[in-house]
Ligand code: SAH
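Only one chain is given next, in structure tokens, and it is the form predicted alone.
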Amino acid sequence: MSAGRVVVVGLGPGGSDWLTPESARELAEAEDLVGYGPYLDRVPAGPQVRHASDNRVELDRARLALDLAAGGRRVAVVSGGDPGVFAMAAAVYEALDAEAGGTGRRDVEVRVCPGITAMQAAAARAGAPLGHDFCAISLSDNLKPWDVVLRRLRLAAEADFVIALYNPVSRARPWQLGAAFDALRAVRDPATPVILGRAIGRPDERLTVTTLAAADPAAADMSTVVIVGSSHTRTLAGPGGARVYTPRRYGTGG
């Protein structure tokens, strides 16, 4: 077996306070860092060789990391948030699964270091909206058809989950969050609480608490996670602004 290894590291949503000790240790011990350029920029300078790439070449990054490790290198693949949630851990295992042999990739040790997700960070800033059943759905249709996205949104809304929306908009997909809100409005009460958490944990963070009726797609970008409450999610006034929570008990008693 190769002496190299690949560790997929979650940086958390932003800021060193949300980087786990395990992830910090793996970054320090790595000889090579592989990742999307802006994520690599969040890793403090060190002796590691950095291999930055564009955001939409996940499998190329995964193959590079496996090739480096097959050559005996200790490699950290860097993801924002948690690498297992719409991120690089699955891409590394996809590349490993597709390996036909001959390159040594199949002999590489692969591990995943979890991180705090954008959904968790936004929920904590807002209060406790994930206090009952919830799900996460990516609005990107780069890797799945849009009709699948809409079907999942509709079914999740009908099942009364709190719904976290990842990848809500991009320059190539400016319309999809508006379409998602329209689909949810067909099922959910207009007063349903909605949280837009942008860049939570970073200097430019912004948290907006609104309703499904008033939610503005223009207030979101690719640094935003959107949390749509269930029928039981409540908003409370407080000294620091609106606070949102979903009661642990489900039923008419709240």
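Numbering starts at 1 and runs along the sequence shown. Since the structure is predicted, the reported quantities are computational estimates derived from the model, not experimental observations.
Omitted from view is the form predicted together with the ligand, to which the following refers.
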If you check in the predicted complex, do 126, 131 and 195 all have a non-hydrogen atom within 4.5 Å of the ligand?
no
The ligand: the contacting residue among 87, 113, 153, 76 in the predicted complex [heavy atom, 4.5 Å]
87
What is the one choice in 48, 211, 208, 223 with a heavy atom within 4.5 Å of the ligand in the predicted complex?
223
Looking at 142 to 150, 178 to 186, 164 to 172, 90 to 98, which stretch has residues with any non-hydrogen atom within 4.5 Å of the ligand in the predicted complex?
164 to 172
Since only the chain is shown here, I'm wondering whether residue 200 would be in contact with the ligand in the predicted complex (any heavy atom pair within 4.5 Å).
yes
